[in-house]
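What follows is one chain in structure tokens, specifically the form predicted alone.
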Amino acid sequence: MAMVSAVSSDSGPSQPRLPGTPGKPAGKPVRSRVVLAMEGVTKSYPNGKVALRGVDLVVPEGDFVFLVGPSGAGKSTIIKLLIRDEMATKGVVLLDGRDLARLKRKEVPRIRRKIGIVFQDFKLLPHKSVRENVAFALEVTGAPRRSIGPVVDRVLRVVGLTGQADQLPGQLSGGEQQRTAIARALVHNPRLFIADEPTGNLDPLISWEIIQLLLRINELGVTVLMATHNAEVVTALRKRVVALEDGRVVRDQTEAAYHRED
């Protein structure tokens, strides 16, 4: 989503923006544009392991999808395919209309910037402040220096960390560290925001705060795909649930619980 368009170099349709960004007002978009599509995707490895088997998945713009299933079901493999860490053995993976298998090597960094991703272990740089961690994600891509400060300030307001901007990760709570990681993932205007077990290292109260933040980001127009084992959260929120088992999609339901309800 073009939430912080001052640093965006990709052309495309007008998109929602985070609060304080000039241009189109923030808000839930009309779900007419497909952000992610997987068509008949199979992923097998040289050792014979088959991680995905004929997966079909379509995620429209503005959707919030929980990706669930036991360990080894294929959730991590889907994420690796989306960020081009792995390539599908069969089938097609489309991100914002681009076939990831057909990308030239030099195009991979740009397509990766269409995805914001956070993990359960935060992956922050320990000797950089909150502000510097978020800014670094822009600096390494050559963003104009004059635009970095305003963009960083904007996303820190969104995640509620303005007051902690000059603190180091070691001075933060686990929830604040995850908020920093979320801010860093938002600065490139992602078309798709992936949260890979984002509450796995957090206590229940802080987990709910992070989930509420992800819901707020989704309400601002960002498409969210969250891989999780947290059955309580999934069942309470009643969002779309895509369940994997042995590399196959065994359930794709809206307003669903973590477990199948017959």
Partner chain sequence: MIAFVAFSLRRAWQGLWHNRLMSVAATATMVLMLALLSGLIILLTGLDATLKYVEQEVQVVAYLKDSANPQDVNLLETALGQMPQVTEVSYVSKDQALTDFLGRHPDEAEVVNSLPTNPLPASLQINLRDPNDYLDVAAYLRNQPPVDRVLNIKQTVDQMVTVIGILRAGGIGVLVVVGLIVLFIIVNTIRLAVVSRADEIEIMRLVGASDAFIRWPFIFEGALVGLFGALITIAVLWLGQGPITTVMADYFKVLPVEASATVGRDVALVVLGTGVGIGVLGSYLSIRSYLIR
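Because the structure is a prediction, the values reported are computed rather than measured. Numbering follows the first chain given and starts at 1.
One more form of this protein should be noted, the form predicted in complex with its partner chain, which is absent from this view; the next part is about it.
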Query raised in the report: Does each of V108, H127 and E139 have at least one heavy atom within 4.5 Å of its partner chain in the predicted bound form?
Result: yes
**Report entry** Answer range among 169-177, 110-118, 90-98, 149-157 for contact with its partner chain, defined in the predicted bound form as heavy atoms within 4.5 Å
**Finding:** 110-118
Report task. May I ask you to state whether L161 is within 4.5 Å of its partner chain in the predicted bound form, using heavy atom distances? Result -> no
**Report entry** Interface membership of R184, its partner chain in the predicted bound form, 4.5 Å heavy atom rule
**Finding:** yes
Query - its partner chain contact in the predicted bound form: H188, any heavy atom under 4.5 Å - result: yes
Query raised in the report: Is there a heavy atom of R131 no more than 4.5 Å from a heavy atom of its partner chain in the predicted bound form?
Result: no
Report summary line: Taking its partner chain in the predicted bound form and a 4.5 Å non-hydrogen atom cutoff, the residues of 229-252 making contact are none
